[in-house]
Each structure stands twice: as C-alpha cells, then as structure tokens.
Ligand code: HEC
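Take a look at this single chain, the form predicted on its own, given in structure tokens.
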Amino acid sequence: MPSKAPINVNMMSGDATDPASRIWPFKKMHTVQPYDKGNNTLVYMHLWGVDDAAFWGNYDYSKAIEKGMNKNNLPYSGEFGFIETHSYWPITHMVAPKENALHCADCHAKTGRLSSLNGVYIPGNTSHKWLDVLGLFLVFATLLGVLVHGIIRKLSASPSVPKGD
C-alpha cells in the first residue's frame, strides 16, 4: 500500500538567493487520483471519445484505466485504488475570472502576498533608502534641466520675421 502522505507529481524549484530563479505564479492542485495497486504506479486513463471505455462517457474507472494503460503500453495489474496527490500548475491553467484577478498592489506592497519573500527586490514591497533618494534626485534634476533648457530657448529665440512675396 502506498504512503499515507500525498504524492508530489511534480515540484517547483528555485531559491531567492539563486540569480537564475524567477518568480512564477502557479497553483498547487490537491487531487485524489487512481493508481495501480499491483504495480504501485499512477495510471493513465482514457478520458474521452465515442467508445465504451471513455471515462467521461460512462464513468467506469476500470474500463477507462485498462484502455489508457494499454494505449500507452504500460503494465496494469487490473486492480486500482485512489491516492492523494499534489501537483503544481502554471497560472496559465485555470485562470480566475477578471473580477477575481489580483491587482498590482496585491503583490507589490509592503504587506502584499510576496512580503515574506526575503532576498529579492520587489518594487513597491522592498525599498532601499539611498536608491530611493537617488531616484528622486534624478527625477527632479531631469525636470529642472528640461525647464532651464525651455527658458533659455524661449529667451534666446530671435523674433520671427515675416516672409515677403
């Protein structure tokens, strides 16, 4: 008999200290799925089609598993049970409706969803005093430069002379 603990079908990996890691939204799926009791493996099921073995047509696990395992040339003992599994799906699968979608501040805020993630710079969540001061200085210096340039251009412009015929 398999372990009582859920089986991880796939895992996400990465670390905040690894420069090659990226933040990627995903959903952790908690499921119960059939497994082959004799071989102690997860099974393939034939899910759809017009034949009698398609699970979504007859809801017969036995037929659907037997056909799925045969189709994939995998051994099947003929006995199945169910086991709890966890799998991780990219956010591109089963996306929430727009009225339930997250807003930027849900993650990019001091108390956002990513506030406990350490070692990663997240705009709106993480701040560095001197970097913030430098950024503000550059914004105001640029604005001042544009204003001074515009005033000099206006004062040094020669009056326009109408063109004759």
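Note that the coordinates shown come from a computational prediction; the quantities given were computed from them, not determined experimentally. We call the rigid core whatever largest set of C-alpha positions still superposes within 1.5 Å between the two forms. Each residue number is its position in the shown sequence, starting from 1.
A second form of this protein, the form predicted together with ligand HEC, is not displayed here; the remarks below concern that form.
- The candidate stretches are 104-112, 42-50, 133-141, 58-66, and the one lying within 4.5 Å of ligand HEC in the predicted complex by heavy atoms is 104-112.
- When contacts are judged by a 4.5 Å heavy atom cut-off, residue 23 counts as touching ligand HEC in the predicted complex.
- Ligand HEC is not drawn, but in the predicted complex it has a heavy atom within 4.5 Å of residue 120.
- A movement of the C-alpha atom of residue 108 reaching 2 angstroms or beyond is seen between the shown form and the other one when the two forms are aligned on their rigid core.
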